[in-house]
Ligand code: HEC
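The chain below stands alone and is given in structure tokens; this is the form predicted alone.
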Amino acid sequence: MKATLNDRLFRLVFVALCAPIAVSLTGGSLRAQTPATPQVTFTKEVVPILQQHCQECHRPNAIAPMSLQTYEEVRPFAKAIKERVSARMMPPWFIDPNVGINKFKNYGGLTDDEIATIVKWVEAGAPQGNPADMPPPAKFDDDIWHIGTPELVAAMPEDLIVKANGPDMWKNIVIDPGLSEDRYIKAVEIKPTKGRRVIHHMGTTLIYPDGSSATMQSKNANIFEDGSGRSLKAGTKVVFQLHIHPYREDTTTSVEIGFKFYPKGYVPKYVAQTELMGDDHELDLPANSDNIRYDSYKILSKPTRILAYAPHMHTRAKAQCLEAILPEKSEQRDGNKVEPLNCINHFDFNWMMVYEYAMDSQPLLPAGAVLHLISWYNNTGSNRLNNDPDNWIGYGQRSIDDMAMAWMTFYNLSEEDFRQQVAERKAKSKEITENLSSKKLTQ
């Protein structure tokens, strides 16, 4: 039978359509037809991450040792950046995301997607990309107040000159903010105005006219939720407790504190306070010893809402965990229930962090609960910050001594308020769970 013209056309069309498929099964043409994975570049994907999370410190005259603003500055450090962000050592945020609470007001770490982007970029050879994709340079203002314009600012009476070389220094500098009437603080911020590189960390204490004192949170801008605040009485003095570390050149430094207040006569329902947890004067770190453990406890006599956790240890520090021992039986055992709050698996003395819990994650603890602080130390040569592993180490202010403590910021609740806040927290959690379940069913 002779093929008709239509038959011949059909065969030609069939062969033309099938030929690419046949070839794709036999070699390199398969890869050629697979959609290419978009390349991650510095100018388009990486630099926005650096602007948001890194350049605050990594820029000229800031505290970091190198600037990470341009491609030429970043490229030599690409592999080191990959290693540090993959290990979650940079940006400095050391809370273990797999233990306890992981929602914070001031979260400073990278997301999993941001880490993956940087890793992919480095593994691809750290390409620059199209310069036209580069976003405008990020703007930073060291003079800005993160709490807004303060109503009252108090500064050191004179600058402090820190010599280029020498041991760490501690300075207690008392100032009078000049407050003539009792007020309640809505927001407070303590910041260096000069020479921030030489200030390792800073504590701040209020000295009231009757001689009593109160510790204040020593880092970050602290803005209290509506209805809560801190008391500042007329005639109160402020003590700046500076831990100063020389930085290779003579440096002028100074700090100041700014306050924003509730309206005159207003008394917040909840008054916040900060207390130092950890009686570590008997700290005992034998020479050439690792995983040395030190425990401390704080009994809560009233229902408590915890606002922030600020761990503090020195150069032999390895890790610290915070947990709550609740005065109730668990389902598994006839005894107290233990609730993990946070763990820091890789403590870094170079960064003294204050971790401020998100409002819906602030621990709500009943009266009778016990806060349990567990600290671990490495006093061996494997600790890169340990300059003398053959020496016994005990408690002390110097960096070569050590501590085992944490500042806890909290306010107390009445039993009625505690029950109400717990019920609200449970209802919200149930609502979120139900919404997620409903969403899954409709997908």
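Not measured: the values here are computed from a predicted model. A residue's number is simply how far along the shown sequence it sits, counting from 1.
The following text describes the form predicted in complex with the named molecule, which does not appear among the structures shown.
Residue contact with the named molecule in the predicted bound form: P60 places no heavy atom within 4.5 Å of it.
At the 4.5 Å threshold, heavy atoms of A287 stay clear of the named molecule in the predicted bound form, well away from it.
Proximity of P38 to the named molecule in the predicted bound form falls outside the 4.5 Å heavy atom cutoff. Contact check for A80: a non-hydrogen atom falls within 4.5 Å of the named molecule in the predicted bound form.
Though the named molecule is absent from this view, in the predicted bound form it lies within 4.5 Å of a heavy atom of just one residue from A221, C321, M90, M156, which is M90.
Between the options I393, C54, L413, M403, the residue in contact with the named molecule in the predicted bound form by a heavy atom within 4.5 angstroms is C54. No residue in the set V271, V370 and W407 has a non-hydrogen atom no more than 4.5 Å from the named molecule in the predicted bound form.
In summary, the region of this chain contacting the named molecule in the predicted bound form, judged by heavy atoms within 4.5 Å and restricted to 414 to 422, 370 to 378, 60 to 68, 385 to 393, corresponds to 60 to 68. Relative to this conformation, an increase of 3 Å or more in the Cα-Cα distance between W407 and R197 is found in the predicted bound form. Between the C-alpha atoms of H201 and P91, a gap narrowed by no less than 3 Å is obtained in the predicted bound form, as opposed to the form on display.
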